[in-house]
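Before any questions on how it binds or moves, here is one chain, the form predicted on its own, in structure tokens.
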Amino acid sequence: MIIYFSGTGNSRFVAEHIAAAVGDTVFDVAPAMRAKKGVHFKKKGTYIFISPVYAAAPPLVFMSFLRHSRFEEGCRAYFVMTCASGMGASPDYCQKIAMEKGFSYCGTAQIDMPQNYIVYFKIGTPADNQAKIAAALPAIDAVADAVLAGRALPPSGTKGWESRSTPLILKPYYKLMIHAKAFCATDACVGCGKCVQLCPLGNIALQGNQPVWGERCTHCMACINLCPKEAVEYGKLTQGKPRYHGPHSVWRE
């Protein structure tokens, strides 16, 4: 089974491609996250966990979901991290989770996908994004090949300073930087509710036909990037910036 967390669609894209290659099913964790509960996975065998990288590690909400979920004994676990550049200390966290859950750890792979963190970074053009997705396909296929062959992924080679510094800065970074206070809807908003549907944590509600953000934000960037009217802003940091409408909007096989 392939279990994934995705905001703008990068990790979902990778999950679906691997699922097609290995003949397995995908499981989106968003509904369980909205309900604030884990899941009892009764299937034995191989699991592939896929998520983006947030601040050099898997998202805290994804790690929490895995820790609160139940799995059968003797499962093998592959981890796949989608990111715009590097996955930092993610392999350390993935290996730790595997140990906690009693998995046989089969390694962590990095898949470079288009940048979606519009708050602090520049979003690529559709052509650039399409080229980056095309360049990622061999790495995605390599993960699928390893799974089918039952072999571990190549060692990830986490840098020592990343392993030491990430645990020190991760929670303070979330506390100071990862919040929804600056999100707002502009006059272009038509009250369609798409952002409400997209939020994996159920953190957005419509009030008076306008979206209102709560306190469970994880900065997945779904609401701001996938708004059909581009009517969501994050204070002044995103004004005038192009949006990343997800891999399915630019990739055509």
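It should be emphasised that the depicted structure is a prediction, and the values quoted were computed from it without experimental measurement. Throughout, we count residues from 1 along the sequence that is shown.
Keep in mind the form predicted in complex with a small molecule is missing from the figure; the text below concerns it.
Only one of L66, A56, M33, I48 lies close to the small molecule in the model of the complex, with a heavy atom inside 4.5 Å, and it is A56.
Between the options C75, C83, A144, L153, the residue in contact with the small molecule in the model of the complex by a heavy atom within 4.5 angstroms is C83. Of the candidate stretches 108-116, 95-103, 67-75, 133-141, only 108-116 contains residues with a heavy atom within 4.5 Å of the small molecule in the model of the complex. Although the partner is absent here, I178 is a contact residue: one of its heavy atoms lies within 4.5 angstroms of the small molecule in the model of the complex.
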